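First structure 1, then structure 2: two forms of the same chain, each alone, as C-alpha coordinates.
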Structure 1
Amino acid sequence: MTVDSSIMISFSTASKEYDNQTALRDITFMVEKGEMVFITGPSGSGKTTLLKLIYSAERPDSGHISVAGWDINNLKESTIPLLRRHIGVVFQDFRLLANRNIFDNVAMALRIRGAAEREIKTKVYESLKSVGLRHKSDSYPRNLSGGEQQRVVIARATVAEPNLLLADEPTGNLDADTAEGVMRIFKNINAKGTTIMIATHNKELYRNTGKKVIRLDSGNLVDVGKG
(Lines of atoms letter the chains of each structure in order from A and count residues from 1; the text may use other names and numbers.)
(Lines give C-alpha, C1' and ligand atoms only; values in the text may rest on other atoms or scores of the structure.)
Protein backbone atom coordinates (compact mmCIF):
# COMPACT_ATOMS: atom_id res chain seq x y z
CA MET A 1 0.00 0.00 0.00
CA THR A 2 1.36 3.39 -0.90
CA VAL A 3 1.29 6.42 1.37
CA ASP A 4 1.10 9.99 0.12
CA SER A 5 4.23 11.74 1.33
CA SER A 6 6.89 14.21 0.25
CA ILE A 7 9.50 11.52 0.94
CA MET A 8 10.40 9.19 -1.95
CA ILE A 9 13.11 7.13 -0.20
CA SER A 10 13.82 6.62 3.48
CA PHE A 11 16.67 4.57 4.96
CA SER A 12 16.78 4.16 8.74
CA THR A 13 19.91 2.40 10.12
CA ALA A 14 19.74 -0.07 7.21
CA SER A 15 22.48 -2.69 6.97
CA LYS A 16 23.31 -5.45 4.49
CA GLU A 17 25.80 -8.31 4.69
CA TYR A 18 27.07 -10.83 2.15
CA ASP A 19 28.78 -13.96 3.54
CA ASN A 20 29.46 -12.25 6.87
CA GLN A 21 31.01 -9.26 5.07
CA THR A 22 29.25 -5.96 5.71
CA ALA A 23 28.27 -4.23 2.46
CA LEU A 24 26.33 -1.40 4.14
CA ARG A 25 26.31 -0.47 7.80
CA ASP A 26 23.59 1.56 9.61
CA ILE A 27 22.73 3.75 6.62
CA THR A 28 20.27 6.59 7.31
CA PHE A 29 19.13 9.23 4.81
CA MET A 30 16.01 10.54 3.06
CA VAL A 31 15.30 11.60 -0.50
CA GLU A 32 12.38 13.91 -1.24
CA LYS A 33 10.14 13.52 -4.26
CA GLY A 34 11.58 15.37 -7.26
CA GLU A 35 15.15 15.47 -5.98
CA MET A 36 18.22 14.53 -7.99
CA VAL A 37 20.68 12.80 -5.68
CA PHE A 38 24.17 11.42 -6.26
CA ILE A 39 25.65 8.43 -4.42
CA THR A 40 29.42 8.43 -4.52
CA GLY A 41 32.40 6.60 -3.10
CA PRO A 42 35.24 4.34 -4.22
CA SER A 43 34.68 0.90 -5.76
CA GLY A 44 33.33 -1.49 -3.16
CA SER A 45 31.88 1.28 -1.01
CA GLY A 46 28.32 -0.05 -1.31
CA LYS A 47 26.80 2.12 -4.06
CA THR A 48 25.34 -0.74 -6.13
CA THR A 49 24.10 -2.56 -3.03
CA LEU A 50 22.27 0.58 -1.94
CA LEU A 51 20.49 0.80 -5.30
CA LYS A 52 19.60 -2.91 -5.14
CA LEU A 53 17.95 -2.34 -1.77
CA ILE A 54 15.85 0.45 -3.25
CA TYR A 55 14.39 -1.67 -6.06
CA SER A 56 14.20 -4.73 -3.81
CA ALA A 57 16.74 -6.90 -5.59
CA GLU A 58 18.12 -7.26 -2.05
CA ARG A 59 16.52 -6.90 1.38
CA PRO A 60 18.14 -5.22 4.40
CA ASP A 61 19.39 -7.49 7.17
CA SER A 62 18.50 -4.85 9.74
CA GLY A 63 17.06 -1.35 9.86
CA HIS A 64 14.17 -0.11 7.74
CA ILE A 65 13.68 1.09 4.15
CA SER A 66 10.65 2.62 2.47
CA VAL A 67 10.38 3.58 -1.19
CA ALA A 68 7.46 5.63 -2.54
CA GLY A 69 5.50 4.63 0.54
CA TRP A 70 6.26 0.91 0.15
CA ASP A 71 7.69 -0.91 3.18
CA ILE A 72 10.64 -2.75 1.61
CA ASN A 73 11.30 -4.88 4.70
CA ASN A 74 7.87 -6.48 4.61
CA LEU A 75 7.25 -6.51 0.87
CA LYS A 76 5.89 -9.83 -0.39
CA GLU A 77 7.70 -11.39 -3.35
CA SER A 78 4.49 -11.18 -5.36
CA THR A 79 4.32 -7.43 -4.71
CA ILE A 80 7.85 -6.58 -5.90
CA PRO A 81 6.76 -6.24 -9.57
CA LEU A 82 4.19 -3.66 -8.46
CA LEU A 83 6.89 -1.65 -6.71
CA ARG A 84 9.13 -1.85 -9.77
CA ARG A 85 6.43 -0.39 -11.98
CA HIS A 86 7.24 2.90 -10.24
CA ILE A 87 11.01 2.54 -10.72
CA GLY A 88 13.23 2.77 -13.81
CA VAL A 89 16.77 1.38 -13.63
CA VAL A 90 19.74 2.33 -15.82
CA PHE A 91 22.36 -0.40 -15.54
CA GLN A 92 26.05 0.18 -16.19
CA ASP A 93 26.29 -2.82 -18.53
CA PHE A 94 23.29 -1.71 -20.64
CA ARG A 95 21.57 -5.15 -20.77
CA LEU A 96 20.11 -4.51 -24.20
CA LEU A 97 18.84 -7.51 -26.17
CA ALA A 98 21.19 -7.95 -29.12
CA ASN A 99 18.61 -9.77 -31.26
CA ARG A 100 15.94 -7.07 -30.87
CA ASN A 101 15.92 -3.67 -32.53
CA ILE A 102 15.95 -0.47 -30.51
CA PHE A 103 12.17 -0.02 -30.70
CA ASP A 104 11.57 -3.50 -29.26
CA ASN A 105 14.19 -3.06 -26.55
CA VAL A 106 12.45 0.08 -25.31
CA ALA A 107 8.95 -1.36 -25.80
CA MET A 108 9.64 -4.39 -23.61
CA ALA A 109 8.77 -2.64 -20.34
CA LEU A 110 5.35 -1.69 -21.70
CA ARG A 111 4.66 -5.08 -23.31
CA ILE A 112 5.34 -6.83 -20.01
CA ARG A 113 2.57 -4.72 -18.49
CA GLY A 114 0.15 -5.59 -21.26
CA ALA A 115 -0.07 -2.12 -22.78
CA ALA A 116 -1.92 -1.77 -26.10
CA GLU A 117 0.28 -1.65 -29.20
CA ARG A 118 -0.99 1.83 -30.12
CA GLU A 119 0.06 3.15 -26.71
CA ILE A 120 3.39 1.32 -26.96
CA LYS A 121 4.14 2.87 -30.35
CA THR A 122 3.36 6.39 -29.14
CA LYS A 123 5.32 6.12 -25.90
CA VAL A 124 8.36 4.39 -27.40
CA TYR A 125 8.76 7.00 -30.11
CA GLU A 126 8.29 9.80 -27.56
CA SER A 127 10.88 8.22 -25.29
CA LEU A 128 13.40 7.73 -28.09
CA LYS A 129 12.83 11.29 -29.27
CA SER A 130 13.56 12.59 -25.76
CA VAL A 131 17.04 11.02 -25.91
CA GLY A 132 17.64 12.03 -29.53
CA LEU A 133 17.34 8.56 -31.04
CA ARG A 134 13.95 8.52 -32.76
CA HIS A 135 15.75 7.90 -36.07
CA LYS A 136 17.49 4.79 -34.67
CA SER A 137 14.35 2.82 -33.79
CA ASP A 138 14.99 0.15 -36.45
CA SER A 139 18.69 -0.21 -35.65
CA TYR A 140 20.19 -2.95 -33.46
CA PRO A 141 22.39 -2.39 -30.40
CA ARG A 142 25.53 -3.58 -32.22
CA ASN A 143 25.14 -0.72 -34.70
CA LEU A 144 25.11 1.96 -31.99
CA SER A 145 27.96 3.64 -30.15
CA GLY A 146 28.35 3.23 -26.40
CA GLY A 147 26.80 6.64 -25.79
CA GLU A 148 23.85 5.83 -28.04
CA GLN A 149 23.32 2.50 -26.28
CA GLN A 150 23.30 4.27 -22.92
CA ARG A 151 20.66 6.68 -24.20
CA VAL A 152 18.55 3.70 -25.33
CA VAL A 153 18.85 2.30 -21.81
CA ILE A 154 17.59 5.61 -20.41
CA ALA A 155 14.68 5.58 -22.88
CA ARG A 156 13.82 2.04 -21.82
CA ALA A 157 13.99 2.96 -18.13
CA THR A 158 11.71 6.00 -18.55
CA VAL A 159 9.23 4.86 -21.21
CA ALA A 160 6.71 3.82 -18.56
CA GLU A 161 7.06 7.19 -16.81
CA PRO A 162 8.37 5.95 -13.45
CA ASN A 163 8.27 8.11 -10.34
CA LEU A 164 11.85 7.13 -9.51
CA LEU A 165 14.86 6.60 -11.78
CA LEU A 166 17.99 4.82 -10.52
CA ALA A 167 21.26 4.86 -12.47
CA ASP A 168 24.35 2.79 -11.64
CA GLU A 169 27.54 4.42 -13.02
CA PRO A 170 25.64 5.59 -16.13
CA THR A 171 28.68 7.40 -17.55
CA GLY A 172 31.34 4.94 -16.41
CA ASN A 173 32.13 3.70 -19.93
CA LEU A 174 31.67 7.01 -21.75
CA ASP A 175 34.02 9.82 -22.76
CA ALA A 176 33.60 13.24 -21.13
CA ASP A 177 31.54 14.85 -23.92
CA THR A 178 29.19 11.87 -24.22
CA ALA A 179 28.83 11.74 -20.44
CA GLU A 180 27.87 15.42 -20.42
CA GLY A 181 25.13 14.72 -22.97
CA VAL A 182 23.78 11.85 -20.88
CA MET A 183 23.70 14.08 -17.81
CA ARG A 184 21.70 16.70 -19.72
CA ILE A 185 19.10 14.02 -20.43
CA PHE A 186 18.92 13.13 -16.72
CA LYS A 187 18.49 16.81 -15.83
CA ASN A 188 15.63 17.14 -18.32
CA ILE A 189 13.93 14.06 -16.87
CA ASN A 190 14.38 15.42 -13.35
CA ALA A 191 12.96 18.80 -14.40
CA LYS A 192 9.70 17.04 -15.27
CA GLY A 193 9.36 15.82 -11.68
CA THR A 194 11.02 12.40 -11.70
CA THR A 195 13.15 11.62 -8.63
CA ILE A 196 16.63 10.50 -9.73
CA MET A 197 19.44 8.73 -7.87
CA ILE A 198 22.76 8.35 -9.66
CA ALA A 199 25.58 6.18 -8.31
CA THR A 200 28.94 7.41 -9.58
CA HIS A 201 32.61 7.69 -8.70
CA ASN A 202 32.97 10.63 -11.09
CA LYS A 203 33.07 13.85 -9.06
CA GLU A 204 32.62 15.96 -12.20
CA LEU A 205 29.01 14.79 -12.50
CA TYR A 206 27.93 16.50 -9.29
CA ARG A 207 30.57 19.19 -8.75
CA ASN A 208 28.94 22.65 -8.37
CA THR A 209 25.45 21.26 -9.06
CA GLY A 210 24.05 22.09 -5.64
CA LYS A 211 22.45 18.64 -5.61
CA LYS A 212 22.45 16.27 -2.64
CA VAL A 213 25.50 13.97 -2.52
CA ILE A 214 25.53 10.83 -0.36
CA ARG A 215 29.13 9.70 0.25
CA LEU A 216 29.89 6.09 1.12
CA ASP A 217 33.16 4.42 2.08
CA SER A 218 33.59 0.74 2.96
CA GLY A 219 29.85 0.41 3.56
CA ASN A 220 29.64 3.40 5.86
CA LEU A 221 27.75 6.64 5.29
CA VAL A 222 30.48 9.27 5.47
CA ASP A 223 28.53 12.37 4.64
CA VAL A 224 25.33 13.79 3.14
CA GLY A 225 26.16 17.14 1.58
CA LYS A 226 25.86 19.22 -1.56
CA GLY A 227 27.72 18.97 -4.86
Structure 2
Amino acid sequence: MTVDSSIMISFSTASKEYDNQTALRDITFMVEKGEMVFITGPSGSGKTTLLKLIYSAERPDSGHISVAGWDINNLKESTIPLLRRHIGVVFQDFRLLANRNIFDNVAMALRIRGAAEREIKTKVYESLKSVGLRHKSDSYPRNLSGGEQQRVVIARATVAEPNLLLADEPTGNLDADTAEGVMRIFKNINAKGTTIMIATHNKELYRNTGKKVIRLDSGNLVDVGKG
Protein backbone atom coordinates (compact mmCIF):
# COMPACT_ATOMS: atom_id res chain seq x y z
CA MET A 1 0.00 0.00 0.00
CA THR A 2 1.27 3.43 -0.86
CA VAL A 3 1.15 5.60 2.18
CA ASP A 4 2.02 8.79 0.35
CA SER A 5 -1.17 9.87 -1.41
CA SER A 6 0.73 12.01 -3.92
CA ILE A 7 2.17 8.88 -5.56
CA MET A 8 0.31 7.44 -8.59
CA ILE A 9 2.64 4.57 -9.48
CA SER A 10 5.37 2.92 -7.50
CA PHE A 11 7.54 -0.03 -8.57
CA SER A 12 10.01 -1.51 -6.14
CA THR A 13 12.36 -4.21 -7.45
CA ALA A 14 9.56 -5.57 -9.65
CA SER A 15 10.47 -8.40 -12.06
CA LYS A 16 8.56 -10.21 -14.75
CA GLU A 17 9.45 -13.39 -16.62
CA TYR A 18 7.79 -14.96 -19.64
CA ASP A 19 8.49 -18.69 -19.84
CA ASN A 20 11.69 -18.34 -17.76
CA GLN A 21 12.86 -15.46 -19.92
CA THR A 22 13.25 -12.21 -18.07
CA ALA A 23 11.28 -9.32 -19.56
CA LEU A 24 11.82 -6.92 -16.65
CA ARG A 25 14.40 -7.16 -13.86
CA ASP A 26 14.31 -5.38 -10.47
CA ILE A 27 12.56 -2.27 -11.71
CA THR A 28 12.23 0.54 -9.17
CA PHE A 29 10.72 3.96 -9.89
CA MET A 30 7.91 6.26 -8.86
CA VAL A 31 5.47 8.45 -10.70
CA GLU A 32 3.75 11.28 -8.90
CA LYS A 33 0.16 12.24 -9.50
CA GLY A 34 -0.15 14.72 -12.34
CA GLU A 35 3.22 13.85 -13.83
CA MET A 36 3.91 13.13 -17.48
CA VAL A 37 6.55 10.42 -17.80
CA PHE A 38 8.17 8.78 -20.82
CA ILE A 39 9.44 5.22 -21.07
CA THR A 40 11.93 4.58 -23.81
CA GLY A 41 14.25 1.85 -24.94
CA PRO A 42 14.90 -0.42 -27.90
CA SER A 43 12.37 -2.90 -29.21
CA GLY A 44 11.92 -5.80 -26.80
CA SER A 45 13.35 -3.87 -23.86
CA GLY A 46 10.14 -4.32 -21.82
CA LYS A 47 8.14 -1.09 -22.28
CA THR A 48 4.83 -2.80 -23.05
CA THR A 49 5.38 -5.31 -20.27
CA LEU A 50 5.92 -2.48 -17.79
CA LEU A 51 2.63 -0.87 -18.80
CA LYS A 52 0.81 -4.24 -18.62
CA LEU A 53 1.99 -4.64 -15.03
CA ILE A 54 0.37 -1.29 -14.22
CA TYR A 55 -3.08 -2.20 -15.54
CA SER A 56 -2.74 -5.73 -14.23
CA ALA A 57 -2.80 -7.53 -17.57
CA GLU A 58 0.34 -9.24 -16.27
CA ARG A 59 1.35 -9.94 -12.69
CA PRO A 60 4.86 -9.37 -11.32
CA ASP A 61 6.85 -12.48 -10.39
CA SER A 62 8.65 -10.63 -7.62
CA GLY A 63 8.95 -7.15 -6.17
CA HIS A 64 6.11 -4.85 -5.37
CA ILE A 65 3.84 -2.55 -7.41
CA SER A 66 1.16 -0.13 -6.33
CA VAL A 67 -1.06 2.00 -8.55
CA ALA A 68 -3.34 4.79 -7.32
CA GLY A 69 -3.23 3.30 -3.84
CA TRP A 70 -4.00 -0.24 -4.98
CA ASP A 71 -1.68 -3.05 -4.04
CA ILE A 72 -1.26 -4.69 -7.45
CA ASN A 73 0.42 -7.81 -6.07
CA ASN A 74 -2.60 -8.74 -4.00
CA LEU A 75 -5.39 -7.38 -6.14
CA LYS A 76 -8.59 -9.40 -5.96
CA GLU A 77 -10.05 -10.44 -9.30
CA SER A 78 -13.18 -8.44 -8.62
CA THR A 79 -11.11 -5.28 -8.03
CA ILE A 80 -9.28 -5.45 -11.36
CA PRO A 81 -12.17 -3.85 -13.31
CA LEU A 82 -12.22 -0.99 -10.79
CA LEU A 83 -8.47 -0.43 -11.22
CA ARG A 84 -8.82 -0.46 -15.00
CA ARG A 85 -11.60 2.10 -14.92
CA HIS A 86 -9.13 4.52 -13.41
CA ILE A 87 -6.76 3.93 -16.30
CA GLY A 88 -7.06 4.75 -20.00
CA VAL A 89 -4.81 2.64 -22.21
CA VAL A 90 -3.65 3.34 -25.76
CA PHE A 91 -2.76 -0.22 -26.69
CA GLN A 92 0.19 -0.77 -28.99
CA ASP A 93 -1.92 -3.26 -30.96
CA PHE A 94 -4.98 -0.91 -30.85
CA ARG A 95 -7.53 -3.58 -29.83
CA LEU A 96 -10.33 -1.96 -31.82
CA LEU A 97 -13.51 -4.02 -32.23
CA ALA A 98 -13.65 -4.89 -35.94
CA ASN A 99 -17.43 -5.38 -36.14
CA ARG A 100 -18.33 -2.11 -34.43
CA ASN A 101 -18.17 1.34 -35.88
CA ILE A 102 -15.89 4.08 -34.61
CA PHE A 103 -18.60 5.65 -32.45
CA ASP A 104 -19.33 2.35 -30.70
CA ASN A 105 -15.64 1.59 -30.28
CA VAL A 106 -15.07 4.83 -28.40
CA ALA A 107 -18.41 4.56 -26.59
CA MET A 108 -17.45 1.14 -25.20
CA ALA A 109 -15.15 2.75 -22.64
CA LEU A 110 -18.17 4.61 -21.24
CA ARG A 111 -20.70 1.79 -21.57
CA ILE A 112 -18.46 -0.46 -19.54
CA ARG A 113 -18.62 2.16 -16.80
CA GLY A 114 -22.42 2.18 -17.01
CA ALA A 115 -22.76 5.72 -18.38
CA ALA A 116 -26.10 7.00 -19.67
CA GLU A 117 -26.62 6.97 -23.44
CA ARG A 118 -27.09 10.74 -23.67
CA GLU A 119 -23.86 11.43 -21.83
CA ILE A 120 -22.15 8.86 -24.05
CA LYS A 121 -23.26 10.68 -27.19
CA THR A 122 -21.88 14.09 -26.19
CA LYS A 123 -18.64 12.75 -24.80
CA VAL A 124 -17.85 10.41 -27.69
CA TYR A 125 -18.39 13.12 -30.34
CA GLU A 126 -16.35 15.57 -28.31
CA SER A 127 -13.55 13.06 -27.94
CA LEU A 128 -13.60 12.13 -31.65
CA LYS A 129 -13.49 15.82 -32.50
CA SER A 130 -10.39 16.31 -30.36
CA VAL A 131 -8.53 13.72 -32.47
CA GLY A 132 -9.99 15.13 -35.70
CA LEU A 133 -12.18 12.12 -36.52
CA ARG A 134 -15.69 13.40 -35.82
CA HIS A 135 -16.60 12.74 -39.46
CA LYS A 136 -15.53 9.08 -39.26
CA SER A 137 -17.89 8.05 -36.46
CA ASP A 138 -19.94 5.78 -38.73
CA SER A 139 -16.95 4.10 -40.36
CA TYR A 140 -15.52 0.76 -39.38
CA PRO A 141 -11.90 0.30 -38.19
CA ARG A 142 -10.88 -1.61 -41.37
CA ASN A 143 -11.77 1.42 -43.47
CA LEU A 144 -9.47 3.72 -41.52
CA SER A 145 -5.74 4.32 -42.07
CA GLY A 146 -3.29 3.14 -39.42
CA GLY A 147 -2.87 6.65 -38.09
CA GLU A 148 -6.62 7.21 -37.96
CA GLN A 149 -7.10 3.95 -36.06
CA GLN A 150 -4.42 5.03 -33.62
CA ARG A 151 -6.27 8.29 -32.98
CA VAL A 152 -9.53 6.37 -32.39
CA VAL A 153 -7.69 4.37 -29.72
CA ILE A 154 -6.53 7.63 -28.15
CA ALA A 155 -10.10 8.93 -28.17
CA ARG A 156 -11.30 5.72 -26.46
CA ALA A 157 -8.53 5.91 -23.84
CA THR A 158 -9.33 9.51 -22.94
CA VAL A 159 -13.11 9.69 -23.32
CA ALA A 160 -13.84 8.55 -19.76
CA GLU A 161 -11.38 11.07 -18.31
CA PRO A 162 -9.24 8.53 -16.43
CA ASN A 163 -6.87 9.53 -13.63
CA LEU A 164 -4.04 7.73 -15.35
CA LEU A 165 -3.36 7.49 -19.08
CA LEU A 166 -0.98 4.84 -20.41
CA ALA A 167 0.01 5.31 -24.05
CA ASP A 168 2.01 2.55 -25.74
CA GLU A 169 3.75 3.93 -28.81
CA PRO A 170 0.89 6.38 -29.45
CA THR A 171 2.57 8.07 -32.39
CA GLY A 172 4.02 4.97 -34.03
CA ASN A 173 1.87 5.31 -37.11
CA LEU A 174 1.65 9.08 -37.28
CA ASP A 175 3.47 11.66 -39.35
CA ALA A 176 5.34 14.38 -37.48
CA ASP A 177 2.51 16.92 -37.70
CA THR A 178 -0.20 14.56 -36.51
CA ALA A 179 2.12 13.26 -33.79
CA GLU A 180 2.53 16.82 -32.61
CA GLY A 181 -1.26 17.16 -32.54
CA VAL A 182 -1.57 14.03 -30.41
CA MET A 183 1.09 15.30 -28.02
CA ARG A 184 -0.86 18.54 -27.72
CA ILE A 185 -3.94 16.51 -26.69
CA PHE A 186 -1.88 14.67 -24.08
CA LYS A 187 -0.49 17.94 -22.75
CA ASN A 188 -4.02 19.35 -22.41
CA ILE A 189 -5.21 16.28 -20.55
CA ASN A 190 -2.11 16.37 -18.37
CA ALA A 191 -2.73 20.04 -17.62
CA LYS A 192 -6.13 19.05 -16.20
CA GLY A 193 -4.39 16.76 -13.72
CA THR A 194 -4.27 13.38 -15.48
CA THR A 195 -1.08 11.42 -14.90
CA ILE A 196 0.37 10.21 -18.20
CA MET A 197 2.91 7.53 -19.07
CA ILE A 198 4.03 7.31 -22.67
CA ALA A 199 6.12 4.43 -24.00
CA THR A 200 7.92 5.43 -27.18
CA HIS A 201 10.93 5.01 -29.46
CA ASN A 202 10.47 8.51 -30.72
CA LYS A 203 13.01 10.82 -29.04
CA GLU A 204 11.30 13.84 -30.60
CA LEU A 205 8.33 13.36 -28.26
CA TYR A 206 10.28 14.08 -25.07
CA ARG A 207 13.24 16.14 -26.30
CA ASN A 208 13.39 19.45 -24.48
CA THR A 209 10.20 18.78 -22.51
CA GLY A 210 11.97 18.59 -19.16
CA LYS A 211 9.79 15.57 -18.32
CA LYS A 212 10.96 12.39 -16.58
CA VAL A 213 12.30 9.75 -19.00
CA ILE A 214 12.70 6.13 -17.88
CA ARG A 215 15.22 4.28 -20.04
CA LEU A 216 14.95 0.48 -20.38
CA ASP A 217 17.36 -1.93 -22.03
CA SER A 218 16.80 -5.72 -22.15
CA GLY A 219 14.52 -5.56 -19.15
CA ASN A 220 16.84 -3.43 -17.03
CA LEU A 221 16.19 0.11 -15.94
CA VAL A 222 19.22 1.97 -17.29
CA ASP A 223 18.47 5.40 -15.87
CA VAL A 224 15.79 7.90 -15.03
CA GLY A 225 16.62 11.20 -16.67
CA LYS A 226 15.06 14.35 -18.04
CA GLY A 227 13.94 14.96 -21.59
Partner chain sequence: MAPYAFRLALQSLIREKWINLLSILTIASGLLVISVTLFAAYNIDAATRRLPEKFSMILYLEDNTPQDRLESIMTALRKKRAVSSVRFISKDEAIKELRGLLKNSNYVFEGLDENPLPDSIEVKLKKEAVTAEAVKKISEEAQTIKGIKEVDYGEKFLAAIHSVRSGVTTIGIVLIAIISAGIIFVCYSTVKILFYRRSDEIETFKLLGATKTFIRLPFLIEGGIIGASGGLATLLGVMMFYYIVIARLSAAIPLLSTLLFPRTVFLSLPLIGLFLGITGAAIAIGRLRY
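Quick caveat, the model's predicted, so the values are computed rather than measured. The first residue in the sequence of structure 1 is number 1, and each one after it adds one. We call the rigid core whatever largest set of C-alpha positions still superposes within 1.5 Å between the two forms.
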Please let me know, 1 or 2, which structure is the form predicted alone?
1
Selected hinge residue, from 89, 181, 35, 65, for two rigid parts turning between structure 1 and structure 2:
89
Mind giving me the turn angle of the little rigid part against the big one between structure 1 and structure 2, whole degrees please?
13
After fitting the core, how far does the CA of residue 143 move between structure 1 and structure 2, in Å?
4.6
Using the rigid core as the frame, report the C-alpha movement of residue 102 between structure 1 and structure 2, one decimal, in Å.
2.4
